[in-house]
Ligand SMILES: Cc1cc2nc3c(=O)[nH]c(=O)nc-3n(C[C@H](O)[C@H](O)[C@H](O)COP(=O)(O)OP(=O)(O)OC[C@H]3O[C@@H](n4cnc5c(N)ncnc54)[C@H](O)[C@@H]3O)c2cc1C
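Below, in structure tokens: the form predicted alone, a single chain.
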Amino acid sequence: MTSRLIPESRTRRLNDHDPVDGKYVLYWMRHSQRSEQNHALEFAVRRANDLGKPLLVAVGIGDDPSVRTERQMRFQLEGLHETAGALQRRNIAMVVRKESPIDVATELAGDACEVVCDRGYLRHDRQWVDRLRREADRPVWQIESNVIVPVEMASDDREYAARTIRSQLQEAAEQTLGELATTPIDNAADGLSINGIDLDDLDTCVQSLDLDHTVAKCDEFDGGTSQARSRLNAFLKDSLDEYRDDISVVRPHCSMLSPYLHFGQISPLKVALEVRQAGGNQESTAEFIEELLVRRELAINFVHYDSDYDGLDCLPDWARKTLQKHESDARPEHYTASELENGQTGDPVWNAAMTEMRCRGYLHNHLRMYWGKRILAWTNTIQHAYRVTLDLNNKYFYDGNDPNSFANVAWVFGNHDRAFGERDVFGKVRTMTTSGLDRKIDTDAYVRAIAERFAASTA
């Protein structure tokens, strides 16, 4: 069912200021970088209509801890270019600037009647929104649109496993799943003149930014809502029925939507609704919704409620203690951070996975888990293992620096998991071995496929 209703559970007013007679309503776009199925955008349209003003959407792309590489930035800008065109067709202005996101927001808030922002969950996102709330002497609203279930609606505390949050999320999702209709803007933004970067020249823009330019764009992934829709449609048509039983990492039956969800280029509600309505295999549909709803939003719960989400202090006591107990265990193999990054280990499967990360910006979930567990086995301290795993994850993956990134790395060290039989190095933390991976996938075929596909890149 399509509705224009924006539930109160997605809406927070962050201060008590009255509106001022500004030039526009400002929507500071961060985590929902799309023109459709975006609760923050539609809320901002309605506030602009209520106040008789045009709407300005603003994005800052400089000095952003969430976007560190040329690969990630190019993908983001491709999406923003498409979003800007879609907003223009709705008579809404959009500006993208090279300054930091919070500096762009606070500067443009000075001429706004009110400010609307979407919601992120990482430490810097919360700090930036708190600064905006304090510095803006006009109303600031925060609208949550990049989750199926608003984080506090799902739980008011940190959850420690999927089993402890699953029922709450599934029950709440029945209330929150629904199509969001667009609201026409009453006052066109034609008269606004706000300087920003030229999104028609992405090459020049990307090269001018302070990024890690050694991690370049991959040809396989183009950013934008239309690209996300195409991938979703292809998944529904060709892969959904095989999703649950998928064991291939060479030609996997995956949606490949994680980069688009990370940048908010497609709505998770839209994805869930289309998957449900596709009429596919019930078990595969349920498994996909489990990943999209339960696993993804468990990760958001984790970073929202645990301020130590990027370090060892986030681990449960049993995991931290058992890893510390076994920290001095002999490692049969040991590799430096540089050797790991360059895929120079004695494990051809792991090396292939690292090559795929570097060259493609993607890795199948089976391999992501194995990749992280072997780093723990090969490094001499827990702290070093944690830092190397997180740094490589956030450097090479398109969806790096996401709540899922921090949750997945923490899982390698025992978070969101239970204790297993004690063994060397890992203690009671779950391990993954090459022989175990062999039982899940055809590792020989994977190594051959990666060698053939990326031969020129690794020569």
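One rule holds for the numbers: they count along the sequence shown, beginning at 1. What you are looking at is a predicted structure, and each value in this text was computed from that prediction instead of being measured.
Below: the form predicted together with the named molecule, not depicted.
> At the 4.5 Å heavy atom threshold, is residue 387 in contact with the named molecule in the predicted bound form?
No - in the predicted bound form, heavy atoms of residue 387 and the named molecule never come within 4.5 Å of each other.
> Residue 90 versus the named molecule, in the predicted bound form: is there a non-hydrogen atom within 4.5 Å?
Outside the cut-off, so no.
> Considering only heavy atoms, tell me if residue 70 and the named molecule come within 4.5 Å of each other in the predicted bound form.
Contact with the named molecule, no.
> Would residue 399 count as a contact of the named molecule in the predicted bound form, using a 4.5 angstroms cut-off between non-hydrogen atoms?
Residue 399 belongs to the contact set for the named molecule.
> Out of 138, 360, 364, 81, which one falls within 4.5 Å of the named molecule in the predicted bound form, going by heavy atoms?
Partner contact (heavy atom, 4.5 Å) among the options: 364.
> Quick one: from 212, 291, 329, 220, grab the residue that has a heavy atom within 4.5 Å of the named molecule in the predicted bound form.
Partner contact (heavy atom, 4.5 Å) among the options: 291.
> Of these, 123 to 131, 365 to 373, 174 to 182, 204 to 212, which stretch puts a heavy atom within 4.5 angstroms of the named molecule in the predicted bound form?
Of the options, only 365 to 373 has residues within 4.5 Å of the partner.
> Who in 252 to 266 is close to the named molecule in the predicted bound form, meaning a heavy atom within 4.5 Å?
Counting only heavy atoms within 4.5 Å of the named molecule in the predicted bound form, the contacting residues of 252 to 266 are 254, 255, 256, 257, 258, 261.
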